[in-house]
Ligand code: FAD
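Heads up, the chain below is alone and in the form predicted alone; it's given as structure tokens.
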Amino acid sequence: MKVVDHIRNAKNTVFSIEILPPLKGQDIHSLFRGIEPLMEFKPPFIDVTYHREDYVYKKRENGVVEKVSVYKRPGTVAISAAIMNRFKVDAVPHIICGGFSKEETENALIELNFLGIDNVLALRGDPIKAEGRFIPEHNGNAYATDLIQQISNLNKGIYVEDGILNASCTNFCIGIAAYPEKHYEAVSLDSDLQYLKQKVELGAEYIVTQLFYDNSKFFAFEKKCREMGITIPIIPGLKPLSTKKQLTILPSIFYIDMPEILVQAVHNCTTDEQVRQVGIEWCIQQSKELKAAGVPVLHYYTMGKSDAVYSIAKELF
């Protein structure tokens, strides 16, 4: 079932999670063990992230330094199918621009369609660390708008290759990401919202936000979206703090503001366990306020760990 259908059919706010594929070398059972406790809260869908290749430099025996492509978390498509089979919920694999030609993207979408997966989250994706800025693949999609257009075309039976006879149409529900505090590359929030609106016009059916810790930022963002005529569901994305280090790491990665009261509470902690409890309580209060405001879904970034999210969900669902 499509994400938007789950939202339409729900009487109350829905619980959902996002998981990471296991690191290469780990088995899928460790992933299942993280998901199983959270099934108590009946998530109708689970997001599965995609991590593009990175590069490392390895010195060979002859002294030559070679640039080697490395995939640290492979398996998004297979994991999506495994989750659907084991837990009987819908999977939402992330599809990114980086690292794929349009032909390769189309083939991946065809595989997802054959597996009965009809939800995708369309993202540009991050640049390779060594490159510093995003560089599209040769004959690939440069922007999320290009990717959304390709998926929308496939939904209409329009393939990359011309002249395919009796081409079948896919039926993907397309989700997109948004930044309540502005994407770091956007010149302003208003210009960022213009691109968001363009994605909706191209076929996006729902929005999932990047993590945030100040609900006022989300409510202001939601209000601006509605004023611009963006009417599709907007799902807040949440992640509980778990270590002191995240106070500086998360703002530098996601370009978000931390509320001063949260910062002070974390500074007053002497152990990461205390920080974890502060993070859980803050996220519970965030979630309660968002739920009271009628958000369609509360979407939690588990980062491969379920304990904190379980404690939060226990208070809400």
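Here the structure is a predicted model, which is why all the values come from computation and not from measurement. In case it trips you up, residue 1 is the first one in the sequence shown, and so on.
Below: the form predicted in complex with the named molecule, not depicted.
> Identify which of T209, S80, T105, N119 has a heavy atom within 4.5 Å of the named molecule in the predicted complex; exactly one of them does.
Exactly one listed residue reaches within 4.5 Å, namely T209.
> Just to be sure I understand the contacts: of V200, L109, L123, L241, which is the one whose heavy atoms reach within 4.5 angstroms of the named molecule in the predicted complex?
It is L123 that has a heavy atom within 4.5 Å of the partner.
> So which stretch, 218 to 226, 155 to 163, 174 to 182, 110 to 118, is the one near the named molecule in the predicted complex (non-hydrogen atoms, 4.5 Å)?
Selected stretch: 174 to 182.
> Going by a heavy atom distance of 4.5 Å, is A186 a contact of the named molecule in the predicted complex?
Yes, A186 lies within 4.5 Å of the named molecule in the predicted complex.
> Is R73 close enough to touch the named molecule in the predicted complex, meaning at least one heavy atom pair within 4.5 Å?
Heavy-atom contact with the named molecule at 4.5 Å: absent for R73.
> Given that the named molecule is not shown alongside this chain, does F87 nevertheless sit within 4.5 Å of it in the predicted complex, heavy atom to heavy atom?
F87: no, not in contact with the named molecule in the predicted complex.
> In the predicted complex, does E18 come within 4.5 Å of the named molecule, counting heavy atoms only?
Within the cut-off, so yes.
> Verify the flagged residues D214, I256 and I284 against the named molecule in the predicted complex: is each one within 4.5 Å by a non-hydrogen atom?
No, none of the three is in contact.
> With the partner left out here, which residues of 275 to 293 have a non-hydrogen atom within 4.5 Å of the named molecule in the predicted complex?
None of them.
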